[in-house]
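Encoded as structure tokens, the following chain is the form predicted alone, with no partner shown.
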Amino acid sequence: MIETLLSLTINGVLIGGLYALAALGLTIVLGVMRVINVSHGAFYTLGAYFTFLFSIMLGMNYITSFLLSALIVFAIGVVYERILIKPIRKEELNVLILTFAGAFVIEEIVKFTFGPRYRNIPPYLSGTVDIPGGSVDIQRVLSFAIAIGIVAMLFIILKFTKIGKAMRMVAEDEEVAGTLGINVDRVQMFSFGFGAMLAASAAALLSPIYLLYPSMGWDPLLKAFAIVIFGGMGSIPGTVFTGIIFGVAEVLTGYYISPTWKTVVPFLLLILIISIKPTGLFGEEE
């Protein structure tokens, strides 16, 4: 019993780390730009389908496909922010409506380009790693390791690089950042593109585990929103911690209760934490 629980928990942590990676992109955009990007799930979809395009249709190796997908979605995010978000960024409701509409447009473009049927990307690694109570796919272990590496890179960028410090300053106070000579527009453009890239990276890592279909981005979008709110709006540590909580909760619920409940329980946890602490686990009162 204990070994089974440990095995399930480890599997939950592995998948939760990837959920956290997807949610981090939403956290960054929310923290730096203070806008809600409903197109975040669409960028996730693009990351998965670009990975499919490069790895399956063009026959490239998985790592190259992953890197190209992330970079292309970063560029798409930058263009998206410049053309669509920047002119109306101060109008929060309009941004919400626009990104909601944009998500549907991207979904239809994917459907037109790749067709409506389900696609899959075969596992890029075979074999398992033995753990107490069972085993886990080595592919999930490597995907988790890559996700942790990206999260570590994000912390390094935010802590030690010029653009990272500028992002933190803009997130803290946009007007003060401008008076200090920081190009706020450029920082926000980079932040939006970086957020899209994180969503695409998570999708590329999860695409050999889940099926691909044009509307696949809505579920990770809802999860990302729930993770961001649960962990505390704009809190990067809160997002990472909560992503892992959600992953573990899903796996344990699917095994001990019912697979049909595994996507519901994390949201029940969200309701519970918001009822107790409206700012989320790591959120602070303004």
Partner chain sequence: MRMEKTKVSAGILEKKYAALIAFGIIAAIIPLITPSIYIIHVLILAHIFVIYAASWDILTGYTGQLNLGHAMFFGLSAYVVAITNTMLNLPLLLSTIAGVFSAFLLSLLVGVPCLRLRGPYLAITTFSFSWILFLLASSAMIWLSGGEEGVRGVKTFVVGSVPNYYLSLVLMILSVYLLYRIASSETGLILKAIKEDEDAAMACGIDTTRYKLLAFILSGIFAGIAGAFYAQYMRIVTVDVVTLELSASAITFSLIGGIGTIVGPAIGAYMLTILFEGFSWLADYRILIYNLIIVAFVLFLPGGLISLKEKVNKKRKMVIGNDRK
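Numbering follows the first chain given and starts at 1. What you see is a predicted model, and the numbers here were worked out from it, not measured in a lab.
Omitted from view is the form predicted in complex with the partner chain, to which the following refers.
- By the 4.5 Å heavy atom rule, the three marked residues Ile148, Ile157 and Glu172 all fail to count as contacting the partner chain in the model of the complex.
- Think of it this way: in the model of the complex, the partner chain has a heavy atom of just one of Ile245, Leu30, Ile236, Leu68 within 4.5 Å, and the residue is Leu30.
- Think of it this way: in the model of the complex, the partner chain has a heavy atom of just one of Val184, Ile109, Val78, Val141 within 4.5 Å, and the residue is Ile109.
- Although the partner is absent here, Ala101 sits close enough that one of its heavy atoms falls within 4.5 Å of the partner chain in the model of the complex.
- When the partner chain is considered in the model of the complex, Ile36 lines it closely, a heavy atom lying within 4.5 Å.
- At the 4.5 Å threshold, heavy atoms of Phe241 stay clear of the partner chain in the model of the complex, well away from it.
- Mapping the unseen interface onto this chain, Val105 counts among the residues with a heavy atom inside 4.5 Å of the partner chain in the model of the complex.
- With the partner chain left out of view, the stretch that reaches within 4.5 Å of it through heavy atoms in the model of the complex is, among 196-204, 110-118, 69-77, 159-167, 110-118.
- Residues from 217-238 that approach the partner chain in the model of the complex with a non-hydrogen atom closer than or equal to 4.5 Å are Trp218, Leu222, Phe225, Ile229, Gly232, Met233, in the order they occur in the chain.
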